[in-house]
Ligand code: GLU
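One chain comes next, on its own, written as structure tokens: the form predicted on its own.
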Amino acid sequence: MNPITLFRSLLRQDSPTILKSYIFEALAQRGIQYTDPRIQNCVAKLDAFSDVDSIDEGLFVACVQADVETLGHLLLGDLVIPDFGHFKAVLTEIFEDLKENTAGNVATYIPQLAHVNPEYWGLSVCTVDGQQFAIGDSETPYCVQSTCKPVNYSLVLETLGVETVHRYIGREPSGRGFNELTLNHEGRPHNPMINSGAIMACSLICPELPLEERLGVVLDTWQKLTGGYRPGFSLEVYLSEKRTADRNFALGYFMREKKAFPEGIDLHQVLDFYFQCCAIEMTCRTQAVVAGSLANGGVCPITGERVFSRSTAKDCLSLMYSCGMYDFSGEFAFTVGLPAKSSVSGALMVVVPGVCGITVWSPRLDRYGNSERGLDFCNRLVKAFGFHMYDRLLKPNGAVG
């Protein structure tokens, strides 16, 4: 793109110069953050100017030259949600309405989760074009708990391949609770989205490495999916979960008795690794980018880095769709019709394939372990935007929206 074309698009009232604020206001209107990694060369140069400094044509070209193609697409191109202002307004209205929903209770079987403020309520969105919006407690860290399962499953698919992984883990809904002491008819965990399957996936992640390096591999993967944010880790939740993990230990021993694990694994290390993965800390804003990476076929929307292959993203989303909401998964698929993964911390990661990823966080849970506000949000989302996977069948021209 010619930088002058971009320059002219930012002029106001035919002024021969522009202000730095014009550029970032225009980006913000389209949902692009000042911190977006794709435009940091431009940002670094523009930071030499104040918001009221006029920038002439020559200076402008020098500032944007390195990022001009990206800026041109973000400012002038067709983004997946063209009227981002309207999109934000609808989400904000839903978000505010749901403050009145105080149904459910925080999880108590992990003692540290029982101490979380039940009033927390956050929402964040990241589209496949990197448009972002966040509201509420979207910057407050929480433990990912079971929302680590899609990432770990995708990681083992990338390293071992689908055939090897599914020698050890099934891919059918269990129809049982997420921590039920049961295996499928082949003696394997039913799927990677329940505890037994997630423990098995942990046994397959770099088993040759020491425990701390295996956790590092997982953290590195999260960091790539978020576009550079390094996840935190809650030692308190990890220790609390490990201390009260009788059922997960029972699952581990049950699978070992049935010879379900690969040979040579150290069961206690595998369980320790699983508890550590659940204690990873994210925020709504950063985890929405993770969901956006899955929506984008495994490519991080704000860096363009491919983290997972398209086939891995497809397989992961398929199992999130059928198994991601504990034993409410069938009802969720029917009413909401989107891949999702919930957790007992109240985080809920939702993917609209090819459009956006969304993370909501509210610690009050229903009897299945899903966020009450999160479920309410998802139902309102698909009604407002026609995001249900099969809504297009209701439109004469096949369009969604």
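Note that residue numbering begins at 1 and tracks the sequence as displayed. Predicted, not measured: the structure shown is a model, and the values here were computed from it.
The form predicted in complex with this ligand is left out here; the points below concern that form.
Of the heavy atoms in Gln132, none are within 4.5 Å of this ligand in the predicted bound form.
In the predicted bound form, Ile32 stays away from this ligand, with no heavy atom inside 4.5 Å. In the predicted bound form, Met200 stays away from this ligand, with no heavy atom inside 4.5 Å.
Put simply, Cys278 is close to this ligand in the predicted bound form: some heavy atom of it is within 4.5 Å. Between this ligand and the residues Asn195, Ser174, Thr226, Ser138, the one pair within 4.5 Å by heavy atoms in the predicted bound form involves Asn195. Interface residue among Tyr142, Trp121, Tyr153, Tyr274 relative to this ligand in the predicted bound form, by the heavy atom within 4.5 Å criterion: Tyr274.
Of the candidate stretches 66-74, 34-42, 52-60, 339-347, only 339-347 contains residues with a heavy atom within 4.5 Å of this ligand in the predicted bound form. Taken together, the three residues Phe95, Arg285 and Glu372 all stay farther than 4.5 Å from this ligand in the predicted bound form, as judged by their closest heavy atom. Residues from 240-260 that approach this ligand in the predicted bound form with a non-hydrogen atom closer than or equal to 4.5 Å are Glu241, Asn248, in the order they occur in the chain.
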